[in-house]
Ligand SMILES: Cc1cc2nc3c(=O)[nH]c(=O)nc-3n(C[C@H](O)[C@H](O)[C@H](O)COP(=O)(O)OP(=O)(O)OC[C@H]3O[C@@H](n4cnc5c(N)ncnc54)[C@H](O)[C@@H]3O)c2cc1C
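Shown below, as structure tokens, is a lone chain in the form predicted on its own; questions about how it binds or moves come after it.
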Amino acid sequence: MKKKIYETIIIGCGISGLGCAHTLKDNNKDFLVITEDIGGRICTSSDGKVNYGAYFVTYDYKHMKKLVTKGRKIRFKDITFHNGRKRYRFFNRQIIKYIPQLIKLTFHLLKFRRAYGIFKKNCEHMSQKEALEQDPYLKSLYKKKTIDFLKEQHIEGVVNKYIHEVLYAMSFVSDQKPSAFSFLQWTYQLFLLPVNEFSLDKNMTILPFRKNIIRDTVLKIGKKGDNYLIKTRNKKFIARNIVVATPPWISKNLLHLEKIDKTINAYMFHVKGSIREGWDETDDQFFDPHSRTCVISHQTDGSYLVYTKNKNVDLNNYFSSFDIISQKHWKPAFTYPEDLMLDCIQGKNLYLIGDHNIGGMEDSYITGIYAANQIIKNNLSQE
């Protein structure tokens, strides 16, 4: 019996895989998804009420907003910052001396947002690498270290006082290590836009193509004539197009990539208990990059999430009594983009999508749209 040749196989069903699958489905294209799970690094508590992995969406998440339900609003003004032994909020008397720097920072954030919005739209029909080449301003930011950008613009003070704890909470690294592009990308969204927790109904998300999904682990990608041969733990598949939508460290092995950005480990403790006095001022506590702890977030069900960059954290520092409901150790959790730029097209009809170049769910989803659009365009040219 002749083996079926699929038009497209998507490996992985995280955010970028979902973006690709939805776009192909909307255009009535044949495809198969091979994945270990749904949602990738979006994972939740056993009751589905608390997000453990990807945690928030912002106003500019145009595509992601269609898939999720918004939850509690995270307000910048309501965050408590912890810098060593100092504890403070955004609106305090000290902010007066930072107003000139704050105005300058806001100008740069608005300028970046305008360029970044065009960039994301372009990325639906061209690779991130191509889109970046078309914008010298964004390209220069992508190649520049945050620490150099801050010094050039003379805004180190306000960033060190009010921004770097927030970025540390998201990236688990100092805000000075990633590129200036990443710094501005995350700062404008958290500083200028509404930010919300969210929930993702995974069953509803895959409902349009649930029959196209196979739960399995891909072990190897090879060539078979003009097509690709996919070997999983249980079976072999043949496809004309392959879309690799796995985390960078898995994609590296499947595609034999020479290099990916540095990987970061992350640890999460879901805790129910009594928080100590002084740690209950606000729902969100953000720490400076010298701390092992990154975030303590009070959940709507009364529990707490504690994120750390080291598993050896003493929760007794924050809680007088507690029980650990669950804990997750992501080794690795993600990469933080520096100046490496991987091309989406890795070969004829072979695509790499996800957060390899630019972090965030929205950008990952858009890489999936781009790969799907390329497949659709190629199919039309062959008809």
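Numbering starts at 1 and runs along the sequence shown. All values reported here derive from a predicted model rather than from experimental measurement.
The next section is about a form of this same protein that is not shown, the form predicted together with this ligand.
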In the predicted complex, residue 167 touching this ligand (heavy atom, 4.5 Å): no
In the predicted complex, does residue 333 come within 4.5 Å of this ligand, counting heavy atoms only? yes
Check whether residue 369 has any heavy atom within 4.5 Å of a heavy atom of this ligand in the predicted complex, and answer yes or no. no
Taking this ligand as it sits in the predicted complex, is residue 216 near enough to touch it, meaning that at least one heavy atom pair lies within 4.5 angstroms? yes
With this ligand left out here, work out from 217 to 225, 101 to 109, 203 to 211, 125 to 133 which stretch has heavy atoms within 4.5 Å of it in the predicted complex. 217 to 225
Each of 35, 61 and 355 near this ligand in the predicted complex, meaning some heavy atom within 4.5 Å? yes
